[in-house]
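First come two forms of one protein chain, each written alone as structure tokens, so that there is a structure 1 and a structure 2.
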Structure 1
Amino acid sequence: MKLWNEGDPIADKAAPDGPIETRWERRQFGAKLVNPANRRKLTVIVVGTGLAGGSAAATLAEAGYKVRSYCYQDSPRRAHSIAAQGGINAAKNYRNDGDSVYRLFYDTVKGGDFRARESNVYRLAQVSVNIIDQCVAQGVPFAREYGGLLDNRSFGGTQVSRTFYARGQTGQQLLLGAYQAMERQIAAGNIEMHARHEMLELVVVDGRARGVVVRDLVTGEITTDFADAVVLASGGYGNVFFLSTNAKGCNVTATWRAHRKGALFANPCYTQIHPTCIPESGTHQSKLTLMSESLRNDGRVWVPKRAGDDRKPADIAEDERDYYLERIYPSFGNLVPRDIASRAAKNVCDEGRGVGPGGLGVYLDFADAITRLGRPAVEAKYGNLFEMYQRITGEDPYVTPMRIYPAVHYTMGGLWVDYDLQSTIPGLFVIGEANFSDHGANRLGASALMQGLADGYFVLPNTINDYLAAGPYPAVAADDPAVVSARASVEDRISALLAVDGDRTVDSFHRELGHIMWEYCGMDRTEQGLTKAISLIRALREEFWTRVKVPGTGEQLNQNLERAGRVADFFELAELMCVDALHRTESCGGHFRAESQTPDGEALRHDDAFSYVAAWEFTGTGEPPVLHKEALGFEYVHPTQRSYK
């Protein structure tokens, strides 16, 4: 059985060439402008109100476009970006520690394991500087020093301090800034906000993205909305694993529906697994909570040397413990990058040395730090995290070592976009975590917030002009066949989900799908496992459509119906993720193929064969997708193999 076909290569035609420092400037200059009077006649739909969507909507509205925004939560302020803790990178070099746009660019390309576009990353680094200015002007209360200037910290293993933060709530503060800017535009009548609305279909008319089909989650009413351009800012799809650090509602539906309508989906298999999460405590577990990475600065990771040792940690003597990160990676020790720390934890647990319920956990021990620095110092640094841990687990980490385990955290893949952030469907722009653009195979800590805001405040509002300058596009007729069929497909799907009336709940399917994905498409992937996963997923999808039970009707607030639709899309995505993971027989960034490792167990890239973006074309549910390769060139940062030994 053929799992995929290869199609023509694809290229990013919008990307300027020439010196990298001036590419963005030249692209902006090359773009057509829209005069202010015409802007009022142009409408943009923005799906999503996270950092990407919120900042884009506010900026476009300010520029004079008519914006209509959608989110599934009850208020735009609750988008999942709110949960980001650590911080946001920017090449301000306020520390004078040798940071620069070029260094941020370099670190990001390298951190992405040489699977990102240089042009995009360079622009991201350039724009990062403006983001901080913009946010401060909006009143984002970043941490400051006694002199009144902004504080920075180093984050995610970088050697410079370029991370701006607002205690452990950076995402919240940045999002509130964007949300407030949005609310100002809502009050001014420039944004029409539709909260508790879910986009269920993209409307493509004459080859252009012209609108969306949405469901009012309160009344169940299905409506169509048309515009001159559509922007998707619907976030990541980590929830395909059921258990992840993402919010419960995070979903792939918006982007998947666009994918089904012709937008290519790039690098779906690149998932970031975060090493420091609170482990699962039982079958009731509904999501996992991230503990800040900063804990690894002072905590020591260990497991018992002997498999099956279930004594209390305090009873395990020093020489019976294996501080495995310090042992395997003597120079980086507990501070190795996320993917390496995650995989090492999985390995020791696979050896039966894991701790806690189900043996899925490793200790993160602060005993040394407490002796060395004193409890008050540890408290000052990590007090709130310890409290959070204690609240969730009921254990006191000052006394008993914390238990941590890796969990799915971020998805680098997403809809394929060009330098203008436009997908393969003209008029469909994709920003934030929903696109694939800037992080390559792995994302550096504190760079997702940066990318979301770069896209929303600075990149999209410039590049979309070029597209809108040719507008207004002809009005879409409500009885246009494309509209009628888009609407009908939404209605049919809802009736189909309600009609099954089987004997299994949506969550039970989602949980099972998550297990399959975690087992075979998680931290460690093999050809055999992925092939097996694909057949398991297909079987489960069939079962879903014959046995799922969705109570209630479509004309009410029906949270199970919402979930059912999302899980149905996750099934299709899951399969594509496995296909992507299967075809990429190298290890890179967040993708580790067991077949491709160095003799001592490290990830091994194959630049000659895989230095490309894998952009997948949809051909039908269960049909082999078509692979389009976008070759990646590295003129500035030359690929090297990572080593943390």
Structure 2
Amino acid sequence: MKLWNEGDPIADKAAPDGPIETRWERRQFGAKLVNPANRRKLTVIVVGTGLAGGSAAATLAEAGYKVRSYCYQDSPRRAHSIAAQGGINAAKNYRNDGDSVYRLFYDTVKGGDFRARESNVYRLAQVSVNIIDQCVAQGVPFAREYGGLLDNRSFGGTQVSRTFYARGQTGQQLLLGAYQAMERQIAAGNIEMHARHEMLELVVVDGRARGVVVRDLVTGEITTDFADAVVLASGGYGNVFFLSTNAKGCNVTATWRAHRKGALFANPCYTQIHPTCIPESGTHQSKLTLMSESLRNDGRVWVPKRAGDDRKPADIAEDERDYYLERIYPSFGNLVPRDIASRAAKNVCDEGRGVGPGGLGVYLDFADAITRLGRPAVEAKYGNLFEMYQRITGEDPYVTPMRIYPAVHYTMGGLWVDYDLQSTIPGLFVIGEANFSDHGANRLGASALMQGLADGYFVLPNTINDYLAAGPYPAVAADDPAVVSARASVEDRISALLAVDGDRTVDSFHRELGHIMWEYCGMDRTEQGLTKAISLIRALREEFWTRVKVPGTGEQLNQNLERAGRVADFFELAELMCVDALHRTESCGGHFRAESQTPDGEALRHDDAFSYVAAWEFTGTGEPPVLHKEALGFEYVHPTQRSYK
């Protein structure tokens, strides 16, 4: 059976040409405006309240639009952005170490293995400097040097210090800044907040996104809501792997429902495996825990030189240790990009030199830093991270090196958007991790927070005006056939899930799906493995719809029902991820095809055949998706074989 068909190419028609330094300024000037009086007549729905959704809702409401915001958490500040640890990048050059907007642009394009749009990345680098000023004005307590100036540290894939941070709680502090801005607008009556509501369908009327169908997670009530535009800020899809650093509630349902309605899904196989996570300890686990990349500033990564060496780390002499990242990549050392660090960890473990249970771990050692800086200095930088590690593992990282291993963390793929962040459905805008736009095949550390706040505070509020200037759009009637159909599809799906009444739990299916994905579509992918994965996923999906057990009803709080709907969408996404990985027979960034590597085991791109965005069109469950290619051009950063040696 044919796994995919190729359709017409797609182009980003909103992107300006000309000098890259002025493209964003010219796009802002060329976009239509909405005067303040007319903004009060326009409504925008924002789904998600993380950094992207929270900042967008607050900014749009501040501008005068009527905003209705939805999240499935019990409070907007419970969004998963709050879990981000290490920092946020900005090209401020406070360290006077050679940083600039252009260098941040260059590092991001190179770090993404030349699979991102230059225009989007340059705009991100430009806007980054404004984000820090915005957040400082909100009172975000960034770390400061002794003299009171904002401090910086380094992250992977760079040779400058451009990362602003608040100990190991940067995401929390940034989200609270966006949350307080949002709460101010809620109190002013400009944002109508709906917590504990999950979006289950997109309403498309006359070809435009006009609303959503949501379920009240407490009462089970299903309602429809209409607006002039819809913004999705619902995050990534890493939980398709079951075990990831994402919160358990993170899911793909909002974006997948939009994909099924016609929004193209771009580069789904680009997933980020983070190199510094606490290793899996057993089958009882439901998620994994991130240890911030910032730890690699002072921590040194090593394994024993001898395979099978199970001595305690303190008993292994210095000359018997292999600081493999420092050895293989002397220019960047322990701060190589995440995809490279993760594969290197996998390689040494595959050689039998891994540490801990099952040999699936490497050491992250702070002994040198404690000797050089003193324990109080290390504690001031990383104290909360060390405490978290000790609580989870029972080991003291001040005395014994941390054990870390790669885990799924972020997804670079997402709904396709143009330069204005608008999807292929007019009126549907997608921001933050939910879109694909800025990171190519690999995201550099501390760039997720940067993109989320750039999209929410500065990009979307400018570009959505161009669309809303043609509004208000005609009112949508509750009995419109498109609305009735959308609502009925939600009700029918819930009924179908409850009616199966099988003998297997939702989590058992999710765990098995995650194992398939990690085994065949994880850090190392092959044609044989991906083909096998597609067959396994299809068989498991069929079994799910005949054996899943969802107790309770739809008219009550029912977390089994919530999870069942999300896992059903993960099945369809998982197949598309494998198809995307199968069709891309090159290696690039987080997508590593074992058949395409350099003699020394690095990712080998094929720019002549794959220098494009793969945007997939949904044609029906089990039907071959259609591939639309968006060609990538590089005028400023010319593609080369990435080297961090």
Partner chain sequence: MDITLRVWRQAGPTERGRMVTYLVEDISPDASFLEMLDVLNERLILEGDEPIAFDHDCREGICGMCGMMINGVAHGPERATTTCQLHMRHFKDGDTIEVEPWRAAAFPVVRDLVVDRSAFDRIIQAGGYITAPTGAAPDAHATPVPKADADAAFEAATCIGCGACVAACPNGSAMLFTAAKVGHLGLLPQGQPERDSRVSGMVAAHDEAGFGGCTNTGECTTVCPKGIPLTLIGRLNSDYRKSRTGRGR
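Here, rigid core means the biggest group of C-alpha atoms that superpose within 1.5 Å across both forms. Treat the numbers as computed from the prediction; the structure is a model and nothing was measured. Numbering runs along the sequence of structure 1, starting at 1.
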item	value
Pair member which, unlike the other, is the form predicted on its own	2
Did Gly502 shift 2 Å or more between structure 1 and structure 2, C-alpha, core superposed	no
Did Asp479 shift 2 Å or more between structure 1 and structure 2, C-alpha, core superposed	no
Per-residue C-alpha change between structure 1 and structure 2, Gly299, threshold 2 Å, rigid core fit	yes
Between structure 1 and structure 2, how far the Cα of Val348 shifts once the core is aligned, in Å	3.8
